[in-house]
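Quick setup: one chain, the form predicted on its own, written in structure tokens, and binding and motion questions come after.
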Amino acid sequence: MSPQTFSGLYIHIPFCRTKCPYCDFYSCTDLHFVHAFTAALEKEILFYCTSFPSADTLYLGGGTPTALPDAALSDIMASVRKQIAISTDAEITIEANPNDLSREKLAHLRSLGFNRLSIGVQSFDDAMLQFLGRRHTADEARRSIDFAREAGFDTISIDLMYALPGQSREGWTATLNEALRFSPEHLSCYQLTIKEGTPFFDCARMAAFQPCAEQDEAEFFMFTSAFLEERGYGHYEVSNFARAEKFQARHNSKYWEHKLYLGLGPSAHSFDGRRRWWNVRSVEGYIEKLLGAADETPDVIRQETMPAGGSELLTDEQLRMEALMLGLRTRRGIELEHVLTFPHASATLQRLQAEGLLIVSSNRATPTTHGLLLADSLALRFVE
């Protein structure tokens, strides 16, 4: 990678105070590993700082980054800034749980340079929060947003979930209205997906609750898009809405636009334009791999020391297909020239336009709202 190229930098914080029953992202609840984790992370940063020397987005996700003590967050940010040039206009995001966000915590986050806050509210309905296993209440969520504004965060994203078992259209509308009361710059609205390996998967299999029907999920999606667009929030990606283009998530856009990104921490993924690799899905394994070779000095850290769990070298065909799939997840769409490289593309485009799934304009193919609903299968229509 050219030294002048800005990448996206993602750091996976693998700690949660409690595990939500629907979540399949890697995390653990044993915070005794925090000190060793930050030491291992510093070593991983040292290894990659020459190949990924600069970044214009930094994203701390998880897990629950705000579950970390202030000192650990300070150490992480100091390690990053020491080894990687973060642009002066960088988008610097941290994910947060509402009941971690005291005034003191938020002031500390601001002092570390975070300028974008992604708050995992999920719902303003206490019954729904209890069902989801969240450790905050609706009142704590409201208070955290107020505190964030007081602390000077002028870019706030609120995460919400819909299509929950037993959730009514009226209940979801109430949560959306409550969120809009705070005029967030960004909203991420995800439907509940039951993932294998989670407690919710076992509950659904044992009929402990009835998942939302597919048709109802589709209706929730279409309603959410129309509701938020009517109130000034552009539906720019399958699950994401922004109050203005400048508030679209710059870091996540790197994934959708197939740009370079470096992922650090357990289970994090990286992409250098041709190769993708990912770290082991274990905080103990991550620490052991990086700190096991104690005799290594920073300038002789070897590839063998890295905690990679796997990698793949993408072919031109794979890169072309990924670019299509990612592009059709966004309102920006993808260049028509790219689409036309696929066999029978013209006929497929005509069918998708006739079905109301795509629009071709200004030499781009862009999905309609209905197309975004079917984004996961839209690109596959070009290779059937």
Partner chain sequence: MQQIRNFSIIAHIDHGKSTLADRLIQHAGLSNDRQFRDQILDNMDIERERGITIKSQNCALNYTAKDGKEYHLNLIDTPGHVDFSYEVSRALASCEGVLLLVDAAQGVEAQTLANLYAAMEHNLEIIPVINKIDLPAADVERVKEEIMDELGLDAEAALKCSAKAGIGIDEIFEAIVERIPPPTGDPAAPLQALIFDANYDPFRGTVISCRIFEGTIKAGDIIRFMSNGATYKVEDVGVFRLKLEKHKQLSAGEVGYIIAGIKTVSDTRVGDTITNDANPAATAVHGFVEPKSMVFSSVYPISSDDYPSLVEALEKYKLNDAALEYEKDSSAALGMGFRCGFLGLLHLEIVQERLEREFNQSIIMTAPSVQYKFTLKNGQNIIVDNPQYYPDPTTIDIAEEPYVKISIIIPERYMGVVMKLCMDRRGLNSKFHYPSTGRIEINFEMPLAEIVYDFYDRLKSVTQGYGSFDYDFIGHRESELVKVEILVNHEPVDALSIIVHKENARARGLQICERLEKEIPRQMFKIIIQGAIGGTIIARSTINPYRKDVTAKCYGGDISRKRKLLEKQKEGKKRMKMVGNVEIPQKAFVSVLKSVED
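Residue numbers count along the first chain shown, from 1. Everything numeric in this text was worked out from a predicted model, so none of it was measured.
There is another form of the same protein, the form predicted in complex with its partner chain; it is not shown, and what comes next is about it.
- Contact check for Arg276: a non-hydrogen atom falls within 4.5 Å of its partner chain in the model of the complex.
- Within this chain, Glu214 lines the site of its partner chain in the model of the complex, having a heavy atom no more than 4.5 Å away.
- Although the partner is absent here, Lys289 lies well away from its partner chain in the model of the complex, with no heavy atom inside 4.5 Å.
- The closest heavy atom approach of Glu317 to its partner chain in the model of the complex falls within 4.5 Å.
- Every residue in the set Thr193, Tyr255 and Leu374 has a non-hydrogen atom no more than 4.5 Å from its partner chain in the model of the complex.
- Contact with its partner chain in the model of the complex, judged by any heavy atom within 4.5 Å, is made by just one of Ile45, Val34, Ala67, Met321: Met321.
- The listed set Val238, Met77, Ile86, Leu176 contains one residue whose heavy atoms approach its partner chain in the model of the complex to within 4.5 Å, identified as Val238.
- Stretch 350 to 358 is the answer when you ask which of 47 to 55, 34 to 42, 333 to 341, 350 to 358 has residues with heavy atoms within 4.5 Å of its partner chain in the model of the complex.
- For the stretch 323 to 349, the set of residues having any non-hydrogen atom within 4.5 angstroms of its partner chain in the model of the complex comprises Met325, Leu326, Arg329, in sequence order.
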